[in-house]
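The form predicted alone is given below as one chain in structure tokens.
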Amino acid sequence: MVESPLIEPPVLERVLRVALARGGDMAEVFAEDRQSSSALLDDRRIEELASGRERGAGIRVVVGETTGFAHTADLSEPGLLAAAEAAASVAREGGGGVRTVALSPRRSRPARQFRLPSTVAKAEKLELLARADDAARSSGGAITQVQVGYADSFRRILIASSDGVLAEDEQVRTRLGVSCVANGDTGMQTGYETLARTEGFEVFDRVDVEELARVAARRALTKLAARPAPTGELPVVLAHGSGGILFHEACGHGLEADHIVKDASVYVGQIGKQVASPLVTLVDDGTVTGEWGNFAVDDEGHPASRNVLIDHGVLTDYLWDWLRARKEGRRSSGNGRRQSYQHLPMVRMTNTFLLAGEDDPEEIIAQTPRGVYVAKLGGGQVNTTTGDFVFGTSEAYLIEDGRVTEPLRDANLIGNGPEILRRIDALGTDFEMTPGTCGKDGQSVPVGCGQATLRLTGITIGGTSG
């Protein structure tokens, strides 16, 4: 069934005309209809079972260096025209920067709540949670707590601008996460694993939910016997997939054009220069089907694209949204993203990854006399201006005489993005992606990260043992 547009084209034209009536350089309408559902099983009890729907539009007007922005939950023509007039008014006040106006819906009746438009019954979704819980608990008696969360969303967007853009997209996302706690002589240890795909419920036809839960449980159980991590600078081998988040944070954010134009990135003025090991080819690609950062068009209506940022160690380009690209006289790279219609778009990554190399992953470990094998990274933070970062490990092991041996307690990896890129001396063939949620300036969007098994010749480890 073909659904009608969120806003009819004649209405869009009239709204854009009003938005430009006071002399705007560009006007844009972003409309969104998002349906979602979620469930949480905690300690074998359903703690949350929710569904909802959010509809609205954000209108942006650009005049010189000033952006006016208004958002409204009223998608009627009068509601959209009022938002257009408000955005145009604040844009014309000038002074640079961004000014935002939020309009309240004019309708007095309460907003209706909708389930995600899907043929899948709630009972079938809850069965997934129960299966995952049973599998995690059966992994070992030391597992004392299990939490399983499920969420899905169906998002329709429409973008129209005075530049002639008229685009629509539909995005379906499904997520399942398992978190386990194991209790032993060393106290409580945690482990988690997540599946997140830009797909519908059919993803569970091929994904083994029980195995996903067992992975989470195994991580928690393994750490019960973990020894303190070493401290100081050591070689580190990052397992395929999980290390991608390090490159997302340590260098990806520094390649976003808003940081570049503000001179707030270590990569300013580095185009054409060797910034990484020749093994490194870094790509941002929103077209990768099924990955968490996949879409057809970005939130400014530009097609998703494959952007090579670093090619065999040489910096080749940055990531661009419409606003920053306009100032440089170039096209958007399809990286204008926003959390919802209530937010302005900004430069964001999509699926960011290192292309695979040619080394045997097992040989990479075998040729490392002593070091740390990081099977899964945790969260981290980076200073884009300096490139300095700190990342936690959530599953790591000691490497001794070329073999992975004892598990290690959680520790931190401390380093500098550009320096770490230069220290990659081995890159495997076993490429894998992992999902994540990227936060920036108060907005969160889904992203994918990835890489093959690789070795860093040295990185500072903040552990608890000398």
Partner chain sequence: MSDLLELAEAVASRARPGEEVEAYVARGHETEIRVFEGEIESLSSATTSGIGIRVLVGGDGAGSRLGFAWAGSLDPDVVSATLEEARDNAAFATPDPEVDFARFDGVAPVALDLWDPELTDTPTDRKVSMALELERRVRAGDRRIRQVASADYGDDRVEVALASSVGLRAEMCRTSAVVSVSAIAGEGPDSQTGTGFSAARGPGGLDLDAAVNDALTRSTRLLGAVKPRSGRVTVVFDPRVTSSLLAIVASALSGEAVVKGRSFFAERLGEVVATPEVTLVDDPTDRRALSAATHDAEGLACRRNVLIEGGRLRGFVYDTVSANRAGTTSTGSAVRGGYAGTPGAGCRAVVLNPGELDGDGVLAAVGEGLYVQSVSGLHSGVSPVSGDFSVGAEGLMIRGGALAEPVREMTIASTLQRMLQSVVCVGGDLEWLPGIAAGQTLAVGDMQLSGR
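Numbering follows the first chain given and starts at 1. The model shown is predicted, which means the values in this text are computed figures rather than measured ones.
If you look for the form predicted in complex with its partner chain, you will not find it shown, but the lines that follow are about it.
Just one of Glu358, Asp185, Glu211, Asp263 comes within 4.5 Å of its partner chain in the predicted bound form, counting any heavy atom, and that one is Asp263. Of the candidates Ala130, Val390, Ile271, Ala142, Val390 is the one whose heavy atoms come within 4.5 Å of its partner chain in the predicted bound form; the others do not.
The partner is not drawn, yet in the predicted bound form one stretch among 59 to 67, 426 to 434, 24 to 32, 398 to 406 has residues with heavy atoms inside 4.5 Å of its partner chain: 59 to 67. Within 4.5 Å of any heavy atom of its partner chain in the predicted bound form lies no heavy atom of Pro369. Contact between Ala411 and its partner chain in the predicted bound form is found at the 4.5 Å heavy atom cutoff.
Taking the partner from elsewhere, Gln381 is found to have a heavy atom lying within 4.5 Å of its partner chain in the predicted bound form. Although the partner is absent from this view, His253 stays clear of its partner chain in the predicted bound form, with no non-hydrogen atom inside 4.5 angstroms. Site residues Gln147, Arg324 and Asn416 are all in contact with its partner chain in the predicted bound form, judged by any heavy atom within 4.5 Å. Contact residues in stretch 174 to 213 (any heavy atom within 4.5 Å of its partner chain, taken in the predicted bound form) are Val181, Met188, Gln189, Thr190.
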